[in-house]
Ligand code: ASP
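Shown next as structure tokens: one chain only, the form predicted alone.
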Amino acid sequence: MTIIMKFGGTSVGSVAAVQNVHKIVKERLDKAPIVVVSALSGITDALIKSAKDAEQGRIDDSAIRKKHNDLLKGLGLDDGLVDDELSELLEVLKTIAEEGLTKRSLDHVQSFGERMSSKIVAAYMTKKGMNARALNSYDVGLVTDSNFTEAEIDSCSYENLKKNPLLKEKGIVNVVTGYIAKDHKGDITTLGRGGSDFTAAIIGAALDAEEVQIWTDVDGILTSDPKIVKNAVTIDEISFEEAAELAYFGAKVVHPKTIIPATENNIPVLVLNTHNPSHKGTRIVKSARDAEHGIFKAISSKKNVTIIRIVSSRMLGVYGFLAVIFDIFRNHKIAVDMVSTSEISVSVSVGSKDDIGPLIEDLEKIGSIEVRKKRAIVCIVGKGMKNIPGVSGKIFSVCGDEKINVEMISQGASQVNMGFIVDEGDADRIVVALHRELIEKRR
């Protein structure tokens, strides 16, 4: 049996952080850990900027080079450890300057963050007497489609990882790159921001791990974003369903896709703090206890949301009209967050990062369209909400007291969450008010 330990960018972004990672892993060697790492904090953004600058003819990798070399020096490691990756990066940037930037070349550029951090972490562990080695995830079996920057895992990955002999060797701590993979053509892909969590969960599922540990910079999953709610506290235990809803609707501690392989294989996920390793953090399991103080467990918000309202009298009494609408969204590869329907209208919410211009043009062929931007989804989660009378009344009473207009309402099919949309400018205020009334007053 093994455990998977994923360390994020802030957990490997400094000399002290890498030293702490070594200590944490060393204390768990009896669990046969496999370590998954992100790029150093800030490096992925720096790599993206370098790629965009290269497209404009400006080639400069000095900041990226300096951060890694400073870390190598601080850890007492060979200053040439990542020279091969830095040289390759420079060549890729030169190619972008000549041929232009594509999603394919952008993924290639982004991959260097994890490729360098894994080598540094493994080298430091080796220096400190641990038998460690760096592995690229694509070299041990992680395969995706060719949807660059947001690639989807190919199902063959699970069998590839399960059979790979490198991951089965005893007495070796494998330090594996998160976030990156390769498609069937051998081109490097990325899994989307935060994808290192997903990598860890996939490896955990493939190897039937005892648990997946997500090491970050907070004490687990909190009852709300501590940057918004000062009185937010750590949730001891939460279900896969509850965690999935929170992750999808704004909670940033765990990548939403992480929950999928963990759920399917019933592998517990622990969210722990690298800087406070003695804290028990949050345990995500198949069936969690209800909240200790009342039925509400957590509140999150997702900003930069756009509402699209489609109105058409042709919907009245006609079957299949919704299928037509969602086929249009599918054709434009735009995901829908929430849906609300009436006899002649459908309202949906989408993320603002999507280019909805072409989508709107196609939707206008079937009805009149209204677009409302700068909205936010507020999500209240708690397994105890299921079939409890008066839940909606409590929530919207708080909205009324705060004089905040609610535009769309949706209750998840799992009945562990309720979501609604407000003006983005009201999001933080209603989250604070709901947390105070639904969670803090019931402690």
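Numbering starts at 1 and runs along the sequence shown. As the structure is a computational prediction, the values presented were derived from the model and not from experiment.
From this point on, the text means the form predicted together with aspartic acid (ASP), which you will not see here.
Query raised in the report: Just one of T189, S137, S196, Q213 has a heavy atom within 4.5 Å of aspartic acid (ASP) in the predicted bound form. Which one?
Result: So the residue touching aspartic acid (ASP) in the predicted bound form, by this definition, is S196.
Query - Listed residue (A39, I64, V381, I377) with a non-hydrogen atom within 4.5 angstroms of aspartic acid (ASP) in the predicted bound form - result: That would be A39.
Query raised in the report: Even though aspartic acid (ASP) is not shown here, does it sit in the predicted bound form so that T44, E114 and Y179 each have a heavy atom within 4.5 Å?
Result: Contact check passed for all of T44, E114 and Y179.
Query raised in the report: Where, among 53-61, 31-39, 397-405, 66-74, do residues come within 4.5 Å of aspartic acid (ASP) in the predicted bound form by heavy atom distance?
Result: Selected stretch: 31-39.
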